[in-house]
Each structure stands twice: as structure tokens, then as C-alpha cells.
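Here's a solo chain for you in C-alpha cells, the form predicted alone.
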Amino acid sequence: MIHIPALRFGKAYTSLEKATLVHHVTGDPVAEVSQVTGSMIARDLGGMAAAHKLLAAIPVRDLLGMYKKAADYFLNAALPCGDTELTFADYVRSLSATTGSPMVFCDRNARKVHYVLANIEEVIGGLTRGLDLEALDRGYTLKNGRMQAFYPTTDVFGAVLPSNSPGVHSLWVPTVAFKIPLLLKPGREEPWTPFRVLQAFLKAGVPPQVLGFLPTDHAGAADILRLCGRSMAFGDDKTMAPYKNDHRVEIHGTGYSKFILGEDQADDWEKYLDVLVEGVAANGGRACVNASAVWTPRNGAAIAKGLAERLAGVKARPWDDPGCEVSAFANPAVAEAINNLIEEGLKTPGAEDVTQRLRGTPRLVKEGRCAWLLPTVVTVDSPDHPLANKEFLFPYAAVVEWPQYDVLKRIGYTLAATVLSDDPGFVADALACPNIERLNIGPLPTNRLTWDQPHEGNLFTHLYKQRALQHARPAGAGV
């Protein structure tokens, strides 16, 4: 069995208390992960000012070169994982074993992390909107004769991470390039990706003093969010509620992403069916950018039937089957709770599970230690129905028929919206809509991301603030 230590900013740490990770199918132990306490976290954070100075002294071009090397190591090298080494294939298999996410999903999402590592200059250029990289070295730059100056908001960036998909780790990967030390609290079942990224960084030459991997409990996670000057956290609405108004914490929670058809396209919905299916079902429906609703001014029943017909054939498959389309739940109780919540919602008049009618079998499938939820498309008669604005960890979508003139007022918070319309007025209204964070106009699935644009906040503006700067010395002199 693999033992994964904590990394306490330059020191590997083996604890007496360890979390045991088991295979989601067999229940056999796969790994033990050393745990740290809140007092250890506080002690380690006491050294971050020195670590920040160490990292800030490295030229940004040198750091970008380390990222290129780290990208190659992440994908192609056998990297340390505690007391052993894992190839990329070994890593993918271990990741799938403890999370229940199929190997084909794990491989695909891990390659998103590799993409960000390999294309870090493009990513940084997008997040900074083309800022001259010298600003990260000097603290300021001149652009078109105008001064631009920035200062860091923290000596360390903390990330409290989830266990659902390795693709989310792409969001914190640029932190080191922005010259901010990094503290990672991994999800309980998913230490594999953050540990592998840090090992790739170390092999590429990033100083160990600026990298922390601190597995801990819920209290320790709260300490990280309380003590770090800036952080990000992943969780549902209830878990993230205490941090909703804390500017130091960038929240990545429930997305409530949507497709919105305009009046001019509602009768041509069939030509968008492939886009709808991808947005709802890609990656097993587990991402916050997967669509959980389709809003249309008419033809709601037809759209739901068309979408359900395409998804009703999805079956539960073993974790190592390359044809997997949905993830297993390593804890069947979670799948049962979600299923019960949907069944309870269907008791409220005005909703129908169209997929179950077509499929003829229940959405909940149980086998041994595992459970699956099969894709579910429901129709609802109002935005106020309890199933109209829900998001679950599997392919689920509610089809809501509602007038175009009122739709943008009723959709609520929406992380990613795809507006299917050529109506200039409606597109302009969508561009101005404060409820939408990511906006796709035209036939682009909600899950189709570009890594050079912000996602639920902008990491650069989270880590740096712009300041006014006047320089009395000649241009080019150091500050």
C-alpha cells in the first residue's frame, strides 16, 4: 500500500494519524495519507513571508521554463508518490480507483492540467489581459505610455480542493508563475493530482519551500481559509455559505449552468441537439459547467424528449471500461440521497422524468459497493418548481418553458450560459445580464472552456491589486 506524506514547505512529514483510501469497487486499501493538524498549519504559515521573497526573486521567465519542464514530467515521467513512483498510467489508475471516476474520464481531465502547465504563458496572458510579464518581476510596467503597477495581496495562496474531477486543479496551477507560494489541502479521495503536480514542479526546479501539501480534516480546512490571505475553496452552497462574503476566498461551488434558446431558434432546436447533449452529459455531468437546465420559450416537451432519447441508452459500466459515460459513486448512500431528492421533487405537480418513461428502468443502479445514477431529463411547468434549478453529480437537466422577455430575470445565478439566438437585442441583454459569469453566444456547449479567460473569478486579480505609482527617477530605474 502506498503511503503519501504531507509536504510541509520543504519537509516531508509522516504522521501517526493517517487517512486510508480504499478501492471503490473492492474496498481494498490503496493508500494511506498523512494528516496534519490546525496547529501545524498555523506554524507552517508563519514562514511564508520568507518563502514569498524567495519565489519573488526568481525571474518570471525562469519560472515559465520550469512550467514547461513540469508539464513534460507530469505526463511522461515516473514521479515520486510517497514511498513509490507512479507513471502517468499508474497515477490515472490510482485516481480512478479511489474516486470512482472512470479511467477514461481521469485520463482526459488530467490532460487538462498538463495543457495548463504546458501553455502557462498563454494562460497568464489571458488572466492578466496581456500584461507585460516584466510587471511580475518589477512590480510595474509601462504600456502605451501609461503606468501599470501591482502588489501582491498575500504571502501564500491556499486551495481547499475537491475529489470529483482532476480537471479542476487547472485553476490553481498558475499560482507559482504569479510568484505566490502555494498551500494545497487535497480532497480526501483525490490526493493524487495535487501531489503529482507538486512533484513535477519540484523535479523542474521550483523551490520546495514554496510548496505545501497539507491533508487535513474539516477544521484544518477552515484554518487554511481563515489564515491564508487569499484562497480558493470548492463545495456546495451549504458548505460555502460561511465564505460567501469573504473577499479573501474565491468560491467554486454549484454552477447552475444553462442553455437558453431565443424566440428565433426555439423551432430549430433539433440542430442544436448535439450541443445540448454534450453540455449536459460530458465528463459524466459532474462539472459545474455542465448544463443542468434548458430554458426555451416553446417546444419544451419536444426538446426534453429529444434530449432524453439521446441519453436514455447510457448504461452503468465498470470503472476501467473505455466506453464509460457516467461515474460510479464510491459511496452508494450519496447516490441514494440524490435519487430520493429527485423522486421527492417529482411528487410536486408539474414535473415529469422523461428519461425514465423512455428507458423503462430506474435511474439508480446498485452493484456491490458501487452505485450509479443514469441520465435524467425532466420537464417542469415553472421556474418555481423545486426541480427547475437543481444541480447534481450526474447528467441531469430540467427543461423549463418560459417567455424570452422574462427569462434573464428568472434564471438566477448561472456560472456558464449558452445563448442560442441571433437576435441582436436578446444577445445584448445576455451580455448585460449580471446573473451570468461565463457566456457563450451560439452553438457552444456550456462545458467548452478556454483556459486563457477567468473562471469563477480571476486568479491574477485575486492575488494582485493594482496601485497608483508615480516614479520620480528616470524611466527604467528600479523601484
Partner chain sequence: MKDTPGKPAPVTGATLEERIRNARAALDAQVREVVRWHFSPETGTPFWLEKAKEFTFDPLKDVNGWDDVKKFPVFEDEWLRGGPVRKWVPKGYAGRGVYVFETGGTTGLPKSRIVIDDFKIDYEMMSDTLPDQYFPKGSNWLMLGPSGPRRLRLAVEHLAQYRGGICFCVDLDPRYVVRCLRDRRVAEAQAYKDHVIDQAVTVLAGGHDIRCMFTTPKLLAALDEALRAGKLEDKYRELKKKVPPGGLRSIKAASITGIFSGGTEFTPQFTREAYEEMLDGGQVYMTPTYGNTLMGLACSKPIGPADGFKISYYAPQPRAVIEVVDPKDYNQVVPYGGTGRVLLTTLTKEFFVPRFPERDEGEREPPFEKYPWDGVSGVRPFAELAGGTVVGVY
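Numbering follows the first chain given and starts at 1. The structure displayed is predicted, hence computed values, not measured ones.
The same protein also has a form predicted together with its partner chain, omitted here; what follows describes it.
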Can you work out which of L444, A56, M40, C433 has a heavy atom no more than 4.5 Å from its partner chain in the predicted bound form? M40
Considering its partner chain in the predicted bound form, which of A351, M103, L227, A312 comes within 4.5 Å of it through any heavy atom? L227
With the partner left out here, check for me: in the predicted bound form, does some heavy atom of A468 sit within 4.5 Å of its partner chain? no
Check K238 for me: does it contact its partner chain in the predicted bound form (non-hydrogen atoms, 4.5 angstroms)? yes
Should P242 be counted as a contact of its partner chain in the predicted bound form, where contact means heavy atoms within 4.5 Å? yes
Consider S15 of the chain shown here, and say whether it contacts its partner chain in the predicted bound form, taking contact as heavy atoms within 4.5 Å. yes
Which is the contacting stretch out of 410 to 418, 42 to 50, 59 to 67, 434 to 442, given heavy atoms within 4.5 Å of its partner chain in the predicted bound form? 42 to 50
